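Have a look below at one chain only, the form predicted on its own, in structure tokens format.
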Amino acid sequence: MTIISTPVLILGGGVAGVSAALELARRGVPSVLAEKGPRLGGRVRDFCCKATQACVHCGACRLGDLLAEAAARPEAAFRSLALAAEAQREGGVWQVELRPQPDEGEADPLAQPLAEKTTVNAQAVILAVGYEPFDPRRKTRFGYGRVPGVMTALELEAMLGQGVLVGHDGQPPESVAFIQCVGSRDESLGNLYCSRVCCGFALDMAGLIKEGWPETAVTFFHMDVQGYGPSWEEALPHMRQAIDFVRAMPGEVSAGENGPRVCFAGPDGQPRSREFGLVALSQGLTPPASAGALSEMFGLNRNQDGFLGEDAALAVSGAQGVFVAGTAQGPRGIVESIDHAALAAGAAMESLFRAGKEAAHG
């Protein structure tokens, strides 16, 4: 077994984890980052730029800059295929056991695969383990997995990233519908929170579709529209001219003659239906799959929505010397996750300073 000592251990190599490591490195604080998968970058690796006539500030391009800086920062050590399995705190130090994971053949030039069981002794730990997209199969009425032409917004993102748009029949669709709040703001699931990023994410993709396939009609089914600042307020009126905004949550998506049929209530409360060439479900953000295990391992608090930590704005976890960064603590976008990681890094450095001061005074 290998033993490593470091001021800060970061669990999770997505955009928040890498950002936290860089924030520490810029201030001369070494860290070890452990990513359970083969590559750094997390889900942001799969996101495409959504700029059309101008930048829409989606943040997808930020990852490349972060990874380029990470390559030039010797203070940060990156380990891939490394899963945190056990943790205990002794003498003001967290002892975290990392276990190697199966090699999937996707080597990352920045991350060294964990070769053997390793214990990391760290004075502070930052949890940046991301989120899980809601599984739309749990909302059977939307037809995901059984109605041709129904996909998730993340799957549509991957398609657009390849520069293609294909409907249920293998051809560019004449119409596309986005259905919002799939898995969030849903009392039947117990997910009462707003995922915050879905409206902007879907409408940015709608803009890409209107730019690349201008004849394609786009419909946006929603409860209401969540904004994200002055630029959003300026853009929304133009979006409403190009996109059909329908304030209704569809009751059923079924197979129609020419594509998925969406049933919903009109403004008069009467049932209506439309067929589309493609339907994209905007999945909500749910707590990370490891939330339960990490909560037990480190003695963490979880907030009312099941995410790690105590407050959506702060980096506190409820456990001494442990901090939370990015979407592990609650729904937030890419740029906000980068900022939140800096907050977590700052909190970790403050804890190191306090520990050093206490040690100096005996």
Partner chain sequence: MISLNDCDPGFKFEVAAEPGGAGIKACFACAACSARCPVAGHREEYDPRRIIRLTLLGRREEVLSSPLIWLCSACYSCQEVCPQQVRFTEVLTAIKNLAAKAGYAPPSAKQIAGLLAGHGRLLAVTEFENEKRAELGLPAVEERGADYAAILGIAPEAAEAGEEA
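Residue numbers count along the first chain shown, from 1. Owing to the predicted nature of the structure, the values given are computational and were not obtained by experimental measurement.
There is another form of the same protein, the form predicted together with the partner chain; it is not shown, and what comes next is about it.
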Does the partner chain get within 4.5 angstroms of any non-hydrogen atom of R89 in the model of the complex?
-> no
Does E257 reach the partner chain in the model of the complex if we count a contact as any heavy atom within 4.5 Å?
-> no
Give a yes/no on whether R141 approaches the partner chain to within 4.5 Å in the model of the complex, heavy atoms considered.
-> yes
Would you check, heavy atoms only and a 4.5 Å threshold, whether G251 touches the partner chain in the model of the complex?
-> yes
Would you mind picking the one in E215, E116, D268, E106 that has a heavy atom within 4.5 Å of the partner chain in the model of the complex?
-> D268
Within 4.5 Å of the partner chain in the model of the complex, heavy atoms considered, which of L192, A289, A242, A77?
-> L192
Thinking of the partner chain in the model of the complex, which stretch from 117-125, 148-156, 167-175, 257-265 has heavy atoms inside 4.5 Å of it?
-> 257-265
At a 4.5 angstroms cut-off on non-hydrogen atoms, which residues of 174-205 are near the partner chain in the model of the complex? List them in order.
-> R185, D186, E187, S188, L192
